[in-house]
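The form predicted on its own is given below as one chain in C-alpha cells.
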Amino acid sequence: MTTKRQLFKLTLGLAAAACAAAASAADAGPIKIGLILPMTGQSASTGSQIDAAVKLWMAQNGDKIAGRKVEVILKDDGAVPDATKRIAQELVVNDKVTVLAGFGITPTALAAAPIATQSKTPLVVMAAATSSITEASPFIVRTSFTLPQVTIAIADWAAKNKIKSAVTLVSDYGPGFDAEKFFDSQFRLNGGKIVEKLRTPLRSPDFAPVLQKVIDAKPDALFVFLPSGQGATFMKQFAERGLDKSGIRLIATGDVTDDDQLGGMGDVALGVVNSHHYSAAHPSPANKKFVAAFEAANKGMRPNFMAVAGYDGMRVIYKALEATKGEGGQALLDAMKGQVFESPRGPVLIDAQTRDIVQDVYIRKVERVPSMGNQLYNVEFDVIKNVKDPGKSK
C-alpha cells in the first residue's frame, strides 16, 4: 500500500509539474522572430523568395518550440538601410523579438549589426553576401553565402578552360567589390590577364555603356556579378548589344543566372558557365523534395538561392531554440554555432569560429532540361567540397 501511495503521489507530482511548466511556457508568451526583408523595390524578389521559404519551413515543422508558439513578424525595409535600422530597433525594443533574421543586401545587414550587439540578439543573415558582414557583430550568423566563396571557383575554371583575358563587371557595393577582388587575384594567380574593371550602380543600372566598353576591349571573357533581380535586365541588354554573338564568353556568379528569373531570359542564357552554391536542379533527394514542396505552396514559383538560405536559416533558428528551450541571447547564439546538416543545397556547416557557412560550390552551365519541362536550369557539372569563406583569411 505504501508503494502504491508513493507512486500515486509521484504521478500527481509529475502531473502538477507538467501543468506548471505548461503554464510557465504560456506565461512566457510566444517566441518572436523579427524577419526584415525587401518586400518592395528593386530587391523584392529576394524578399518574396525568403518569405515563402520561411512559411514553408513552418508549415512542415510546426509553430511551437518548448511549448511556446513561434511568431514571425515580417517587416518590409525596401532594402533601405535607414529603414532597416529603425525596424530592427522597434522589433527588439517594442516587440521583444528573440531573433532578427532576413537582410536582403549588405548595407541593411550592416545597419542592424550594432543593434544585435547592444541587445545581444542573434541576427541570422539569409541573403547579404559581403565577406565582412559576420565581423560587424559577434551575434551575426549567416546561412546564405559569400561572394569570395563562389567567385574563386569560376576564376579557377576560366583559367583552366583557355580563357586568357577577362573584363570584370560588378555592382558597385560590398559584394561587387569582393567579387572583383577575388576574381582578379585568383585569375591572375593562374596566369590570366584582367583587361578592364567595370562597375555599375546598385540601383537602376543601365548596362549599355559598360557593355560597349567590353566590346571595345575584346577580352576572351566577361566575368559578371550582379545582385539577385538584375540578371534578366543584364542578359537582355547583353543580347541587344550583340555580345552573345561576339565570341566573348560570358562567365558569372550564379546571381546572374538566378533560378527566379532564368526562365524568362531565353536562349541568350544558354551555355553561360557560372559558379554558385545552389541550383533548383541540384539532383539530391532532399532538394527534389524541397523544390516540389516549394512550387506546390507557391503556385509553381521556382525556389532560388535566397529561398534555400531562408529555409536553412529557419532550421538553424529552430534547432537552436529547441536546444535552449526557447532561451535567447548568448545561449541561443552558442546553439547556432557548429550546426551540421544536410540542406537542399548539399552538406553545410555553421563554422563555430566565424559564424559563417561552409558549403559545397558547384560549377554549372545553363541548359534546357527535357526531363524538367524543357526549361532553363543551372546544370551542375563539377563541385568544390566544403568551401569556407576565403575572405576571412585575406
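Since the structure is predicted, the reported quantities are computational estimates derived from the model, not experimental observations. All residue numbers refer to positions in the sequence shown, first residue = 1.
The same protein has a further form, the form predicted together with P-hydroxybenzoic acid, not shown here; the description that follows concerns it.
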Quick one: does Tyr173 come within 4.5 Å of P-hydroxybenzoic acid in the predicted complex, counting heavy atoms only? yes
Is Ala269 close to P-hydroxybenzoic acid in the predicted complex, meaning a heavy atom pair under 4.5 Å apart or at it? no
Using heavy atoms and a 4.5 Å limit, would one call Phe139 a contact residue for P-hydroxybenzoic acid in the predicted complex? no
If you check in the predicted complex, is Ile105 within 4.5 Å of P-hydroxybenzoic acid, heavy atoms only? yes
Between the options Thr200, Thr324, Thr121, Ser228, which residue brings a heavy atom to within 4.5 Å of P-hydroxybenzoic acid in the predicted complex? Ser228
Heavy atom within 4.5 Å of P-hydroxybenzoic acid in the predicted complex, from candidates Ala155, Ala320, Met306, Ala166, belongs to Met306
Have a look at 291 to 299, 308 to 316, 125 to 133, 205 to 213 and name the one stretch with heavy atoms inside 4.5 Å of P-hydroxybenzoic acid in the predicted complex. 125 to 133
Residues in 145 to 170 close to P-hydroxybenzoic acid in the predicted complex, defined by a heavy atom within 4.5 Å, in order: Phe145, Leu147
